[in-house]
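A lone chain, given as structure tokens: the form predicted alone.
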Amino acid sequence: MLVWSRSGRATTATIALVLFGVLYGLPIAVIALASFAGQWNSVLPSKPTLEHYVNALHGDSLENLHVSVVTGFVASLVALVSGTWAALALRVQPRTARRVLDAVFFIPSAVPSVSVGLGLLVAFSQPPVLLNGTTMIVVIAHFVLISAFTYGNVSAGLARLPVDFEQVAESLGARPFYRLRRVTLPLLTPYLIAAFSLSFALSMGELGATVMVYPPGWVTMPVGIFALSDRGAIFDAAALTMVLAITTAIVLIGLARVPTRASVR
């Protein structure tokens, strides 16, 4: 419902800010406080310390960060390539076929991630394709879960592209691959970056499927955070959560600052 009066807009904005602070800001603030806490026996923590961040940036926790970044980057890159390819291919298909294949692409996003992990674990635990206990099955799990979002972002970008540029290039004798490389993909670059950013963020926070399939030597940060909290090391888990959030934010900010031809135009 639209609010036209000044007092109504102010009231709506105040309610939105309060809800945002309670539902989003407060949990983040509690995690941030816990990451510096030495003890927490009252309303606020006491004996502030950096020991939890030292632990988060050394040993197994640092290795977990490396595993998460590598897994997220590889899975997001593969999802970007396959999603872009699928979106471009389905662009010229009849409407009925396109709708059916759209639904197929979005099925993994409608299935609980634990079910995806269990399915991969059952499917790839026997020859001839034996991936159980390998890092590849973790990357595949992340790819399955994020590919729908990548495909959706690229498809939305393609739907908003003006066809005039491609038609002009075709009328001038440009071959399909040349049009793709010099016209379509440059115009699509902002959407490709957005798709990769969303995929990377989702991969960095994925837990349900990963905890089902990860091998002992390839532990992501969400799995490490879950293991720490399960052992009662809440403060160390909070510090690792903040490191995960900061790392993801740095990557996303860096991607958002990548210049594109479309943005210059």
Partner chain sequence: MAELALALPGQASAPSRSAWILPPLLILAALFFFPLALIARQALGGAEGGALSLNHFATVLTSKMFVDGLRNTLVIALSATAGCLVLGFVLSVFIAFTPFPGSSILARLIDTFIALPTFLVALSFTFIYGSAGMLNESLMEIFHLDLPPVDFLYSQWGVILSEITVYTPFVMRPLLASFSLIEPAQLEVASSLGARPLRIVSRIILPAALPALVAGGSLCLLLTVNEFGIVLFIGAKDVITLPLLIYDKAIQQFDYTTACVIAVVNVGLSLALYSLYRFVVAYFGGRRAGLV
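We call the rigid core the largest set of C-alpha positions that still match within 1.5 Å between the two forms. Positions refer to the first chain, counted from 1. Since the structure is predicted, the reported quantities are computational estimates derived from the model, not experimental observations.
Although it is not shown, the form predicted in complex with its partner chain is what the next lines describe.
Interface membership of residue 39, defined by any non-hydrogen atom within 4.5 Å of its partner chain in the predicted bound form, is ruled out. Residue contact with its partner chain in the predicted bound form: residue 238 places a heavy atom within 4.5 Å of it.
Shown alone here, residue 73 lies farther than 4.5 Å from its partner chain in the predicted bound form, counting heavy atoms only. In the predicted bound form, its partner chain stays beyond 4.5 Å of every heavy atom belonging to residue 133. Each of 112, 115 and 155 places at least one heavy atom within 4.5 Å of its partner chain in the predicted bound form. Annotation for 107-130: interface residues with its partner chain in the predicted bound form are 107, 108, 109, 110, 111, 112, 114, 115, 116, 118, 119, 120, 121, 122, 123, 124, 126 [heavy atom within 4.5 Å].
Comparing the forms between this form and the one not shown, the C-alpha position of residue 246 differs by less than 2 angstroms, with the core used for superposition.
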